[in-house]
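Given as structure tokens, the chain that follows is alone and in the form predicted alone.
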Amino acid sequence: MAPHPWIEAFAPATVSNLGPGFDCLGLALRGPGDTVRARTADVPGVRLLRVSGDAGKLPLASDRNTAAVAVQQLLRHHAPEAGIELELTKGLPLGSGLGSSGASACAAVVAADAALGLNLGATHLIEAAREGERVACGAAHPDNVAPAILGGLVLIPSLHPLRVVALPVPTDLWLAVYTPGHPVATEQARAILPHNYPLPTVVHQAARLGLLVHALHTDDLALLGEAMVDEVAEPARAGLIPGFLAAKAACLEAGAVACTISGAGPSTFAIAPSRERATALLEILEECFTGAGVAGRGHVDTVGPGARVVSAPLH
């Protein structure tokens, strides 16, 4: 019997929270991401055959790997008798705050959906992918997987039922994204958050989130910078990232629209109105984190499309 053809899909890195949008706001980057190949199998269930690009750190077990768990969820609800085999190629660093586990899950469900010919809608794909996030970090939050599936910039106003709203992307929005060489586990970054916040902090955070959405709809980068202040997660997580506070101060002094932590960190991003300014900010981030002893790597990017099939069937 001829082997079933492979379908290959790509899912992008994501930046979540964006200041005041803790667990409910995220965007897809245009550049890096993860790739997954999927093919139908004669035996029901999910098998992850190979992982590359992870330096051997990720498990192959189908109940422990984000990509496989997400596809298991997809099959459970939409094709319970089907079988899928997967191969995962990591293009994103682990523990980076750039939605690495979410990108694996999203690429996997998009590839599996195409291999099975299900043609599921985005909401079904997001629901499956976020189950992969549960095994990766203990919470099935969608702020990475929603933009990774849909692309662009999204708000998640409701989890039960899941509701995702696409927001406008400012015309001249550039990002300098830098990942220090100091991984932060998502579980640790979530565990360090306080359980209670003063009422004024909650009010200020809600007001800034509203202002941020207004800034996006009015294409106002200056207003976006004013809104992109986080009083909930950033103060607690800043101490987990050597050099972050100095890097943020230097970027803001150099004219960044905003600068904050991406997701759980340690990746840090600064927003600029042009590629040239973003490139200058990336040099500042590089200098600050290198000076703090946690040199890593970064790049300049823009908001991009979501997960998609990138190949014809491969034999």
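One rule holds for the numbers: they count along the sequence shown, beginning at 1. Keep in mind that what you see is a predicted model, and the values were worked out from it rather than measured.
Beyond the structure shown, there is the form predicted together with another copy of the chain, which is absent from this document and is the topic of what follows.
Exactly one of L167, V229, L221, A79 has a non-hydrogen atom within 4.5 Å of another copy of the chain in the predicted complex; which residue is it?
For this set of options, the contacting one is L167.
| field | Interface residue in the predicted complex among L193, A139, A238, A185, criterion: non-hydrogen atom within 4.5 angstroms of another copy of the chain | value | Exactly one residue meets the criterion: L193.
>> Is A207 near another copy of the chain? Define near as a heavy atom within 4.5 Å, in the predicted complex.
In response: Contact with another copy of the chain, yes.
P20: heavy atom within 4.5 Å of another copy of the chain in the predicted complex?
Contact check for P20: yes, within 4.5 Å of another copy of the chain in the predicted complex.
Given that the partner is absent here, does P157 sit within 4.5 Å of another copy of the chain in the predicted complex, heavy atoms only? So P157 counts as contacting another copy of the chain.
Distance check, C24 to another copy of the chain in the predicted complex, heavy atom within 4.5 Å = Answer yes; at least one heavy atom of C24 falls within 4.5 Å of another copy of the chain in the predicted complex.
Exercise. Counting only heavy atoms and a 4.5 Å cutoff, which of 241-249, 106-114, 211-219, 86-94 contacts another copy of the chain in the predicted complex?
Worked result: Contact-bearing stretch, as computed: 211-219.
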